[in-house]
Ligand SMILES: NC(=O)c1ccc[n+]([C@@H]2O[C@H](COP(=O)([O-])OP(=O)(O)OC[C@H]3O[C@@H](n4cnc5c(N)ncnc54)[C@H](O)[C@@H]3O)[C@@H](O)[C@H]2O)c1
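As structure tokens, one chain now follows by itself in the form predicted alone.
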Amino acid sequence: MRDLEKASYPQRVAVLGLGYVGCVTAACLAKLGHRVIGVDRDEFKVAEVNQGRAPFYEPGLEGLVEEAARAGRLSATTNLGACVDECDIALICVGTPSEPNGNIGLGQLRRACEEISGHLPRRTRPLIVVVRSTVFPGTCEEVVIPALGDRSKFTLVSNPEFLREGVAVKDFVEPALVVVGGDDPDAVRRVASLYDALEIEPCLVSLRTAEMIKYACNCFHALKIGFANEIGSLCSRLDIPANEVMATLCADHRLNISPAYLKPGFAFGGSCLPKDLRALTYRASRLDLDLPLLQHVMASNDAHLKRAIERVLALGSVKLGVFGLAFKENTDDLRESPVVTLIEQLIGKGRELRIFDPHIQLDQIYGSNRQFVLNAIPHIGRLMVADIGSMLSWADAIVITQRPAADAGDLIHGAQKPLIDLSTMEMPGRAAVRRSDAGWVKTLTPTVS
């Protein structure tokens, strides 16, 4: 483990729960120079920490606990009340295990919050309560805040952990991501400052966003493992070296291992992705190979398109202007464009349409490209307009299906009409949560298309 600078402003921190997350968090924060008190009902864990020993095996943890305990920066107790009185920040690191139905169990979290609540009335200043446990978005607002009680006695922050057992200490001191979320700028800054000695700039977001980021990360990890295993299984059946295939795939950092495509937006289409997915899963089935993850990608795409259609229909407007006809921006390729399916459905539901795409002139497209759209919508020529202004002036509401250029975007928003932007998944009438204008939040925004 590399040498770490001590925190410029050491804080007094209570860590509730001395399991894998809590004990690693407590020891590492103490290593950074903070005064940390671990709290746990398990007297064995408390005694082990106080004697400078880790209560379980995790590489590098024993030395950290021993050093911090000897230096007086780390101790442990079963007495939560003393910690609440003494500390400025309380990190909740209790378990949220799966229940039989798949939901997360919040019993330990509720108990921890209720116990904290019982000691809050004695405080003369608000306690910063930090939920580090993995919880579903909305849990902090719907469960934690009511359990803690008097809002004048605490502020709430979400600080999800990204620690892997076996390398948890390394993940803490050399983090790939630190997320701090909340609605109180001072509390968010205070929690983020716990990590000042680390070589990373925390991402500061809203409370629910922080909760969701943890789930998005873990589900993406599971998705990657499942994808690699299914590709590996097919390679094995075809006598192809799977590791060579995946190593080469990972060598592409522009599209494959990158922010590319990881932006919520409209359904995918075009001449490659749908065709190749269908071909791969069909040929796998001929080999009696079940690849459920890859087989359901098209179903997932179809479900996403259906949700988009429902959102547009929910606008209630009859006269709709549609910006974009191709399957994505900066192309005139109409093959398997999800916009064509969208338009078919809207017409079937009695909507009147005017369509503008800056790169499509029907008399200049030909071959399978032209045939696809004419087979789906024979009268498409009557629906398309040559300039965006006529579409905007005619329509009651606007539907964006591909990201417009800056000038077109200004015209669309300047029309001040009801709008659904399917290219970004923004909800109509609801701005995206961006707190950078307040001067305290820095978010990561992928820039690769």
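Position 1 is the first residue in the sequence shown; the rest follow in order. This is a predicted model, so every value here is computed, not measured.
Not on display, but discussed next: the form predicted together with the ligand.
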Please pick out the stretch from 407 to 415, 378 to 386, 60 to 68, 35 to 43 that is in contact with the ligand in the model of the complex, where contact means heavy atoms within 4.5 Å. 35 to 43
Exactly one of 96, 117, 295, 206 has a non-hydrogen atom within 4.5 Å of the ligand in the model of the complex; which residue is it? 96
Do all of 17, 20 and 108 end up near the ligand in the model of the complex, with near meaning a heavy atom within 4.5 Å? yes
Taking heavy atoms and a 4.5 Å cut-off, does residue 112 contact the ligand in the model of the complex? yes
Considering only heavy atoms, tell me if residue 163 and the ligand come within 4.5 Å of each other in the model of the complex. yes
When the contact criterion is heavy atoms within 4.5 Å, does residue 133 count as touching the ligand in the model of the complex? yes
In the model of the complex, is there a heavy atom of the ligand that lies within 4.5 Å of any heavy atom of residue 214, even though the partner is absent here? yes
